[in-house]
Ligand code: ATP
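Given next, in structure tokens, is a single chain: the form predicted on its own.
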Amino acid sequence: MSIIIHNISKKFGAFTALNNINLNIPTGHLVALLGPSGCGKTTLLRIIAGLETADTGKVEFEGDDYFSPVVYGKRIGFVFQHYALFRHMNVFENVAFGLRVKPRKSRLSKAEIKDRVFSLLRLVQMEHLSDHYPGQLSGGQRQRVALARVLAIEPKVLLLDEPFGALDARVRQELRRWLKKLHDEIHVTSIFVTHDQEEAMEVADQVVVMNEGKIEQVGTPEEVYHKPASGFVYNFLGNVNLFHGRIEHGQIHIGEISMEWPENELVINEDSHEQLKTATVFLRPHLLEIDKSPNYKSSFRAKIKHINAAGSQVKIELVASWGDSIVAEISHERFKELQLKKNMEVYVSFDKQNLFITPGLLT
């Protein structure tokens, strides 16, 4: 089922939670609403679910308005962050609940309910715990039961509010891979809320990056990461170094580095119509190179303050010659080759084509 969101706005008192949101979610897609706390992602999810009412705008399912008779009976499954399982019911009864409370005319027989429940428990790898109660399960197991309970009603749309937020890192990793595999099997249109960038990039077909009640960018994980639409998106998705520079005569000056503004364009402040004098340059740690001497690329002097060799990459914290703190990531092979040590002076370089530059200073 496709979902089209038209001009949705929502205020809570003087606070604007959503400001003119427009979004098209194709049938069968797994979409992540990603952003910092308070950006409006959960409010948008609850409006799609019908748990909140928008001040303006509308939500359409397959071209029909949410509150039309055609849509009102559509099955929408909502998985809450804290599972909301019935504590007095075992796993089997929790999953069967939605099937048992259906109107008599559409209710399955006891045998059919049993078959459906055990089929779902096999799908979520919980068949062997069907007689256990929620209090006897781990957080990851409870989350799987919550998903099975929602899937029992065969929803046309599956909505998940930070489904793995209450779990530890290892269980989150396991479950998000499982959720992606599950979605590939059932192909139900799914939307999940998260503030975890890695989770969104690994699981979703489409990522909606939100900030302060607005959508900053919509795209595939590759698009939003490698082609960010704004400084906020670049800064929010993964680790990043920020360099604050000044603009003079079409050149950006950062410490001892100077480079041309992209395409030599003048940057005008639309509010004052004056030429801006500052810029923010973004660069990811793995795109920085470290050498013991200057090379042919843009390079600057820096001093090593800390080295963390745990993990797949070696993380190196440095202080640039002009005082800014910087983080670089290099391979273990390169680290051994350079024989880097704390307090060593080195040269840091980068390819100018890897820079993302925005006018003004990002605070």
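Residues carry their position along the shown sequence, with the first being 1. Since the model is a prediction, treat every value here as computed from it, not as a measurement.
Quick note: we don't show the form predicted together with ligand ATP, though the next part is all about it.
**Q** Do Val346 and ligand ATP come within 4.5 Å of each other in the predicted complex, heavy atoms counted?
**A** Residue-level check for Val346: no, no contact with ligand ATP.
**Q** Although the partner isn't part of this model, could you tell me whether Ser37 comes within 4.5 Å of ligand ATP in the predicted complex, counting any heavy atom of the residue?
**A** Yes - in the predicted complex, heavy atoms of Ser37 and ligand ATP come within 4.5 Å of each other.
**Q** Tell me, yes or no, whether Glu199 is in contact with ligand ATP in the predicted complex, where a contact means a heavy atom of each within 4.5 Å.
**A** Although ligand ATP is absent here, Glu199 would stay clear of it in the predicted complex, with no heavy atoms inside 4.5 Å.
**Q** Is it the case that Glu216, even though its partner is missing from this view, gets within 4.5 Å of ligand ATP in the predicted complex, heavy atoms only?
**A** Contact with ligand ATP, no.
**Q** Just one of 325-333, 39-47, 300-308, 54-62 has heavy atoms within 4.5 Å of ligand ATP in the predicted complex; which?
**A** The contacting stretch here is 39-47.
**Q** For the heavy atom contacts within 4.5 Å of ligand ATP in the predicted complex, list the residues of 10-36 involved, in sequence order.
**A** Residues within 4.5 Å: Phe12, Phe15, Ala17, Pro36.
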